[in-house]
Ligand code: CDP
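As a starting point, one isolated chain is supplied in structure tokens, in the form predicted on its own.
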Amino acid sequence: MVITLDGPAGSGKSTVAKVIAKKLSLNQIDSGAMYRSYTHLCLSFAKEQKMKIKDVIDSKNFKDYLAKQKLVIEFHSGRQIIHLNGKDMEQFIRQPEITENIKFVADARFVREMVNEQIGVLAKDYSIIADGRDMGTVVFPNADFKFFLTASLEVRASRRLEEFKRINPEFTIDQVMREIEKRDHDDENREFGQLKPAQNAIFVDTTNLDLNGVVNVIINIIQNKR
């Protein structure tokens, strides 16, 4: 079974996917962690070559460098574990520097194609739940269940405030709202992998629901349709 959760930043996709994966004994695909791992590689390469990260992305040498890296994805009790050249990436990919630069990597077509291919291979062997912005439209157009999570801008900003404060402790809720508005605009107008609901996606507004409420809505829909 394949379940997709798409939606804008702060709509609760990753947190909801984690709980549903546990309740339904699924494996959670965390594409964000995959892009963060590639961002870690890109930053390392950029520092080694003394280049700016946005210049590295278009470099043939970087593509050759990526091809030599061994990125392995496994699941432990439904949780995705990424090993890069034998090293667990979790402690490296949550750093502010990764958050600040991930957009350059996640917007690169060849990186998105690599990640989508890896996710597709995993779905052949596992029942999964995957969250992102184009899971139900590009990665899994034939998913068994497609959900699109939404929430008000104010609520999404409050959910992301602590993450932004790890980058800059002076961030205010108004600044976070402006950042999320900009990201929404960028995500909706990307050349490929745009943020948009699949035609047959089920909308879930998480504005006035707590985590358990959102999870229950989605699980009830899945169980009733099955």
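When you see a residue number, it is the position in the sequence shown, counting from 1. Being a predicted model, the structure only gives us computed values, none of them experimental.
One more form of this protein, predicted together with this ligand, exists but is not displayed; see below.
If you check this ligand in the predicted bound form, you find no heavy atom from any of Ala17, Phe75 and Gly78 within 4.5 Å. This ligand is not shown here, but in the predicted bound form it comes within 4.5 Å of a heavy atom of Gly32. For Arg109, no non-hydrogen atom is located within 4.5 Å of this ligand in the predicted bound form, even though that partner is not displayed. Taking non-hydrogen atoms only, Arg133 approaches this ligand to within 4.5 angstroms in the predicted bound form. Within this chain, Arg36 lines the site of this ligand in the predicted bound form, having a heavy atom no more than 4.5 Å away. Contact annotation: this ligand lies within 4.5 Å of heavy atoms from the stretch 181-189 in the predicted bound form, the single such stretch among 167-175, 45-53, 181-189, 66-74. Checking Ala143, Ile102, Ile82, Ala151 against this ligand in the predicted bound form, a heavy atom within 4.5 Å turns up for just one residue: Ile102. For the options Ala9, Val217, Ile202, Leu209, the one in contact with this ligand in the predicted bound form, meaning a heavy atom within 4.5 Å, is Ala9. Residues of 148-177 that come within 4.5 Å of this ligand in the predicted bound form, judged by any heavy atom, reduce to Arg160 alone.
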